[in-house]
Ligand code: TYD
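Single chain ahead, by itself, as C-alpha cells, in the form predicted alone.
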C-alpha cells in the first residue's frame, strides 16, 4: 500500500478547495481564509467493488430506538435514539449542551450499558462536578479527557460502548493530519471516522458542535450533510427557557422542538408548552396579536408584538426579534401599498414574546394586524387569534395544519379566530367563532373596528 501526499488550499469558512493559494475565496467571498492543507491519499491495488443490488432483494432493517430518559429529547429525535446514528448538537457557549448530554448519558448508561463521554474541553473534575450537581452517577458511565483521536480510538476498542459523546468535534485532533485543531480538514476527516464507526458497529454517537458569531454551525457545510441528525439548542442567555430544535432528522420529522427550563439542578422538561409563551393577562392591548405557531407536531400560542413610534431622523428604524427581517419589511410594504398606512414616518419594533423564533409564513397576518393595532393605538378583538400567509397583492393565503391550531386555541379559552378563506373547509367543530378572510383589509376591519 502506498501513501501519496497532496497539497491543496482550503477555505476555513466554507470548505472550498483550490490547488493554489488565493487571496479571496471564489465560493464565499471571504478574504485570507485559504490555508495550506496536506492530504494523504491511499491507493490499493485491489479494491472491493460494490455490487448493484435489485430493489426487491434489499432487506429491510429494523431501527430499534433507545429511550434517552428525557421525553422532550425523545420527541425531537422522533421517538428515541436509533442505534448507529450520528447526531450533531450545536448551540451557543453556555447554553446548556453539556448539561443536556450529561442528563442523557446518565440514563442511557443505567439502561443500555457502557457509555463513553469524551471531554475535549473540560477536565474530568469539571465533568464530575456537573454530573454530581445533576445527580448522575453509575459504574457504566466512563469519562475520557483528551483531544487526541488515537486515544479516543483506543478507548473505543477497549470499552466497546453503546453510546459515545464527543464534546466537541472542533477540538478533537488527529496527529496524522498536519493541520491545526478545528480546521476544515480536521473536522471533516474526524467526522468521517465517527460516521464510519457508527454505521459499522451500531454505536450511537453525539457530536457537540460550535457555532459562529452569525449563528451558523462552525466548520464546513459538509459536516451537516454527513450526520444523520442535526439538533440546535437555542435560548436567551438571560432567560431560563431553552428550546431543542431538530433541523435535520433521517429517522423522524424535522422542525420538531423540545422545551426546557434551565433550573438550579439542571434542565427541567416542559411537556405542556403550548401556553408558556402567552401573557399572564387576558386583556388584549394595542400592538399584541396571538398567533398559533406550529413547530413540528406541537402548537405554541405566541404573542406577536409591535410598537410604532414617530421617527425623528430621516430614515425610520426597523428592529426585529423573533421574525425574519425581510418578511417584516414585506408586510410593512403591503400595508403601505394596499391599505395606505404610512409607516415611512414611524420607527417599528417587532418582537415575539418569550424569545421564540417563528420562521413560518403563517405569522404574516398576525404581524400585519399587530402593526396596524399599534399604529392606530387600538386594541384588537378580545380573545381572538389570527393566522395566514400574506401575498404581495394583499391576499390572505391558506396555511397548513389549521385544524390543530384552532383546537389548541379553543383549549386555552379563545373565542374567535381569523383564518384564510382557503382553509374554511378544514375548520373543525371547536366552538370557536371562525372568520374566514380573503383580503388583508377584511381582516383589519374585523379585528380592529374603527380603523
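Numbering follows the first chain given and starts at 1. Remember, it's a predicted structure, so these values are computed and weren't measured experimentally.
Keep in mind the form predicted together with thymidine-5'-diphosphate (TYD) is missing from the figure; the text below concerns it.
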In this chain shown alone, the residue from 191, 98, 308, 373 with a heavy atom within 4.5 Å of thymidine-5'-diphosphate (TYD) in the predicted complex is 98
Can you pick the one in 176, 377, 272, 263 that has a heavy atom within 4.5 Å of thymidine-5'-diphosphate (TYD) in the predicted complex? 263
Non-hydrogen atoms within 4.5 angstroms of thymidine-5'-diphosphate (TYD) in the predicted complex: do 149, 153 and 202 all have one? no
Mind telling me which stretch in 255-263, 355-363, 75-83, 177-185 gets its heavy atoms within 4.5 Å of thymidine-5'-diphosphate (TYD) in the predicted complex? 255-263
Would you please decide whether residue 133 lies within 4.5 angstroms of thymidine-5'-diphosphate (TYD) in the predicted complex, comparing each non-hydrogen atom pair? yes
Is residue 93 near thymidine-5'-diphosphate (TYD)? Define near as a heavy atom within 4.5 Å, in the predicted complex. yes
